[in-house]
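In the structure tokens that follow, the same protein chain appears in two forms, which are kept apart as structure 1 and structure 2.
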Structure 1
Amino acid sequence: MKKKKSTLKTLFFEKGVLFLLNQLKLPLEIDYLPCSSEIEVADAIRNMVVRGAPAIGVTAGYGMALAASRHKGLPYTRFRDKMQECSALLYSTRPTAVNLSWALKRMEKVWRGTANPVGISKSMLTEASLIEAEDVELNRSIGKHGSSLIKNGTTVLTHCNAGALATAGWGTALGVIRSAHEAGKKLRVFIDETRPYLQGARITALEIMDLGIDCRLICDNMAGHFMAQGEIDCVIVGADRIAANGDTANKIGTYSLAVLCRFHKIPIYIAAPCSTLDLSVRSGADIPIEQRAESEVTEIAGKRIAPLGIKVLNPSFDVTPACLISAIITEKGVIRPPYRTGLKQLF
């Protein structure tokens, strides 16, 4: 069976220009923003043109490569000062994104390495594409390991967006679906719209359609109904942070899905790179829960939908206890309970 090739890319580098898919315009416009300088790249990260920690890391890598190319005519000491400055600029855009500082440190090793700006500039482009390629490779590994859990004819439910557009490519939870699809398995995907920010409706729906996989968009509160009707065979989601005992913080709504899965005896899998594991956090109770703006709930697409003055709660994610999770899929393999032992062995 001929598989449709994805036409969506988080980013691509062509003739000295970095093109970023403008995620602010999704799903109705597929528009690539050209960036020729580190300043344009910094603006794009800050304005959320690109989102998802791995994608931001790769973008910052290319931002440094663009900076090196622009400033390669400078004498070496001035060039190094300039690189320092550009790195600080890119870092300031989303200082909490772990992959951003990681990528900038990796680029720093290159521009501190020799005393030849022209040579450095070439090496930096190579390094940026290496970071990109490694991220895709890592996701493909997650996909390959996860695919072994997906039988032919399965209907998968997913929540939020853990797809190619949150990474340099392929995706984590969607990477598993993609790998199973590529392996020739017939799949159907139910997509939770994922209130309040609608990542499912806006981004996952687009990605799954783009891959040519049969899919259905539903509201989050419909998942239980379709499980009761026997329509769902498994749930696959990504993760924001995984504690040492396997408790997993992920987009709000994941916990409710895990409880529904338990009741209906349906497996729920977490797909995430090892970098998501935080062994310094003993359990989910120690993961702080970020509260986001009320306007995400009370306004949709700029239109107010709730009465003025209403109090709103908007936790950005919830914690699913390890006891409800069927398996954690990483690039190093599939981890089954008990997680404390299995996760430790990854390092």
Structure 2
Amino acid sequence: MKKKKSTLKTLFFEKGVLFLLNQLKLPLEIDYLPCSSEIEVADAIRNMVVRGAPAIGVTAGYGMALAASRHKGLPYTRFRDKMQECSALLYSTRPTAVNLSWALKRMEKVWRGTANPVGISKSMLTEASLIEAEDVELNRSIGKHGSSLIKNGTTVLTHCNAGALATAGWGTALGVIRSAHEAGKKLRVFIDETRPYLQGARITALEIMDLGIDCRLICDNMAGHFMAQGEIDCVIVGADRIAANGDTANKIGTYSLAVLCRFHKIPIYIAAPCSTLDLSVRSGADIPIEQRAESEVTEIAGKRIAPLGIKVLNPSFDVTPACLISAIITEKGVIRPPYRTGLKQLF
């Protein structure tokens, strides 16, 4: 059977402009936001026009390239200052996703490599393009390794969105599902809505349906029920930062799923590229957790759903302890406990 290919693209660069799929408008509207400066790119990342740790890293690379192009006419010392300002601006947008700082450090090696702003500008665009292309290939490798864990007839639960639209293409957690699907395995996917931003309902559901994979949308608080009914065989999620000991920061609610998985003896797998690993962080206790606006909880699609004046807590991520994680799937293979040893050997 011929498999359906996704028609959606996270981003593309054309004639000096970065176009980002505006994920705030999904699934009802397909619209690309043009970004001509690092300031517009930073706003797009901060406001979640683009989201997903790998996609944020790729986007930041292009943001640096746009800044280099805008300021290439300056003397090198002034140009260098602008590059530092741009890097700091982009880094401030999403503090939890380590792929962002990884990409900025990679771009920094380019703009510090020579004192010729015009030459740097060209090299920066080349490097950003390489980061994008490499991300797709890394995700394909993650999918290949991870699909070996998926048996024919498996029902998978996903959380948030870790598909092609959270990366430069193919996806991490959804990339595993996609690879198993393309290998001819019959799958069913349960998609939880992922409050408060509804990335599962709005984006993952769109991607899975676009690929022609059998799926069901459920509310976040239904996962335990379906696990108890024997409906779910495994959980696969992405990651925004993985500490040296395997503790993993991912979309808020991942920790709760991991606890449910442990009780019901269901494996939970983390799928992420090595750029998501942060060996400088000893454990999840040291991972910064982004706090987002109250309106994301009190409103849906701009409509108020909570009483005026209610106080809100809105952490965007939580940390799942390594002891609850069955395996971590990377482009270099599947890592199992003890994670501190296995993750260190990847570098």
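Every value quoted in this text rests on a predicted model; they were computed, and no experiment measured them. Numbers follow structure 1, counted from its first residue as 1. Rigid core (definition): largest C-alpha set, two forms, superposition within 1.5 Å.
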Looking for the form predicted on its own among these two structures; is it 1 or 2? 2
Under a superposition restricted to the rigid core, does Gln229 display a Cα displacement of 2 angstroms or more between structures 1 and 2? no
Inspect the rigid-core superposition and answer whether the C-alpha of Leu198 shifts by 2 angstroms or more between structures 1 and 2. no
With both forms fit on the core, is the shift of the CA atom of Lys82 between structures 1 and 2 2 Å or larger? yes
Where the rigid core has been superposed, how far does the Cα of Glu108 end up moving between structures 1 and 2, given in Å? 8.9
With the core held fixed, Arg51 moves its Cα between structures 1 and 2 by a number of Å equal to 3.4
Cα of Thr126: shift between structures 1 and 2 in Å, core-fitted? 7.1
